[in-house]
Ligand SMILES: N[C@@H](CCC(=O)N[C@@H](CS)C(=O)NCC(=O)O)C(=O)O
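Heads up, the chain below is alone and in the form predicted on its own; it's given as structure tokens.
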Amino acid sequence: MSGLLLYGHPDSGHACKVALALRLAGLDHETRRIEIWEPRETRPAAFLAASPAGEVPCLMIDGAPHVQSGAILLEIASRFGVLGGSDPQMMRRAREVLFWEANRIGMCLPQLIEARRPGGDPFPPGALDWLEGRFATDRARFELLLGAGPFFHGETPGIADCAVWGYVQWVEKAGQSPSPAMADWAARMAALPGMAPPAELFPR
């Protein structure tokens, strides 16, 4: 088994996506918590060498760094043949959902969370209304993309489910309400073996 080391933080939905994928895939790995709310210069030198931007997640595979959550999820699936990675059709499905998530729901929800964080960066007038409008559109598209299956990959979850879960887990924290289909999917995700709250994914 390849050596896997994941740098992340429980407040990063992007890092949580990768941590969940590793757990659902049953891949042995270590995690190291990076204090993302502390100054960049306080972060470990080994982490900064691997992730020059100082961002999480960063997954080390046999000493080689991999960054950007969507790219990491695709690497995990294809390299280890897990979470849809052994099926070309499922990988096509994963790419479709991952690109949608990154451009849509994975953009507006983190910003809505940040807008409500005590001490967070202020937003210009009208920005919150625009973000909430985007989420309303994304919430409707979520049901269309999910389809009739219990998960985005059908009967079992895959990397697409991990990607979408990263921030949908905090939809209420963002001040939004899930659709019935989104709430039901989130409940199924919460019941998966290997699921854990963010604080357990990246313990101190």
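Fair warning: this is a prediction, and the values are worked out from it, not measured in the lab. Position 1 is the first residue in the sequence shown; the rest follow in order.
Below, we turn to the form predicted together with this ligand, even though it does not appear here.
Visitor: Is the gap between Gln68 and this ligand in the model of the complex 4.5 Å or less for some heavy atom pair?
Guide: Yes.
Visitor: May I ask you to state whether Arg40 is within 4.5 Å of this ligand in the model of the complex, using heavy atom distances?
Guide: Although this ligand is absent here, Arg40 would touch it in the model of the complex, with heavy atoms inside 4.5 Å.
Visitor: Is Pro57 close to this ligand in the model of the complex, meaning a heavy atom pair under 4.5 Å apart or at it?
Guide: Pro57: contacts this ligand in the model of the complex.
Visitor: Any of the heavy atoms of Leu27 lying within 4.5 Å of this ligand in the model of the complex?
Guide: No, Leu27 is distant from the partner.
Visitor: Can you pick out, from Leu145, Ala136, Ile61, Ile36, the residue that has a heavy atom within 4.5 Å of this ligand in the model of the complex?
Guide: Looking at the other structure, the residue within range turns out to be Ile36.
Visitor: Taking 4.5 angstroms as the heavy atom distance cut-off, pick the stretch from 48-56, 174-182, 145-153, 158-166 that is near this ligand in the model of the complex.
Guide: Result of the contact check: 48-56.
Visitor: Judged by heavy atom distances of 4.5 Å or less, which residues of 168-204 approach this ligand in the model of the complex?
Guide: Residues within 4.5 Å: none in this stretch.
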